[in-house]
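One chain comes next, on its own, written out as structure tokens in the form predicted on its own.
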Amino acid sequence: MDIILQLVLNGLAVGCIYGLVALGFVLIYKATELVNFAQGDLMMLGAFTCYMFIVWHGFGYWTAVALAVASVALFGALLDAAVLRRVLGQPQFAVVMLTIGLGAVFRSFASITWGSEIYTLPTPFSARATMVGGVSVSHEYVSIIVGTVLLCAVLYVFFTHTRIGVAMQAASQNQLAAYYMGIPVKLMFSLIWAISAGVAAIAGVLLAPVSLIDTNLGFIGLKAFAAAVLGGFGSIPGALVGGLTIGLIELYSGAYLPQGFKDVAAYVVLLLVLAVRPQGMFGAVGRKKV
């Protein structure tokens, strides 16, 4: 039982990261119908930026986190305004290839700027744990879960109880109707890209103490994309549930199945779910409504 509870805790923590990155996929897709395959690399940039502020410039942890999230969020908004807005309305294949290319550029930039070494992000939670019964509760894993819950609560309040959040929802549901109602659609899209990039940066900062930081950290975005599809691409709750599901499947398959199954078990479950329910667990079939 202690082993099962330990795996649940670790699986939930890893699943929260997948869910946050998947959330970025969903936010951008709901607004612009673009699939951003550079989302994982934005997470990697967030982790590296936080490391730079803490280790290179000597900022405190919380100040560095705030600066890293703000920097990556601003970069996301500028990326939309300068590059991605130009491909709206183009074939999906062109958009996919563009975002894959941007991801490669981000990795190259990180390699040039920070090198190919593997870094450790110092945090107030590092190397600390509390024994609860027979379960070792790592403060790093707890910080991931608590951070995800708080972020989701903030996003829920923002999107449902603020004028800007409601305007973003309107722009994502029907661009033309939102424009006729006086909503600055292009600005809303840039803000959505900023929020998505900021969420990715937070995911990177939360994950960095557990998995370390290197230029390949962004490849977690592939599993996060699978989580978004599993939950129902376009569903915000589905992205989080899909991330948690894949995180738990990975940990349990790694513990109880033969070696090598850990990396493919989540995709097998994804294929099985899509065979039964092609729209995913929380996806809806229907037309958009104003």
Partner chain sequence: MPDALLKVENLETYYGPIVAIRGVSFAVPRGAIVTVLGANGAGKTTILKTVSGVMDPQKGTVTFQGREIQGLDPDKVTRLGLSHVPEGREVFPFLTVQENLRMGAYIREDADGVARDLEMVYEYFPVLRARAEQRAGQLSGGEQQMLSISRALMARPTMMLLDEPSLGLAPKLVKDIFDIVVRINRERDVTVLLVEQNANMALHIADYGYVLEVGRIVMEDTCARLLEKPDIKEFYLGIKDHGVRGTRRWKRKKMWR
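As the structure is a computational prediction, the values presented were derived from the model and not from experiment. Numbering follows the first chain given and starts at 1.
Here the subject shifts to the form predicted together with its partner chain, a form of this protein not shown in this document.
Candidate stretches 195-203, 72-80, 137-145, 172-180 - the one whose heavy atoms come within 4.5 Å of its partner chain in the predicted complex: Of the options given, it is 172-180.
Heavy atom within 4.5 Å of its partner chain in the predicted complex - the one residue of Ile220, Leu84, Val210, Ala167 that qualifies: Contact check passes for Ala167.
Any non-hydrogen atom of Pro124 within 4.5 angstroms of its partner chain in the predicted complex: No - in the predicted complex, heavy atoms of Pro124 and its partner chain never come within 4.5 Å of each other.
Contact flag, Thr130 vs its partner chain in the predicted complex, heavy atom cut 4.5 Å: Output for Thr130 is no: heavy atoms all beyond 4.5 Å of its partner chain.
Contact test in the predicted complex: Met188 vs its partner chain, heavy atoms, 4.5 Å: Yes, contact at 4.5 Å.
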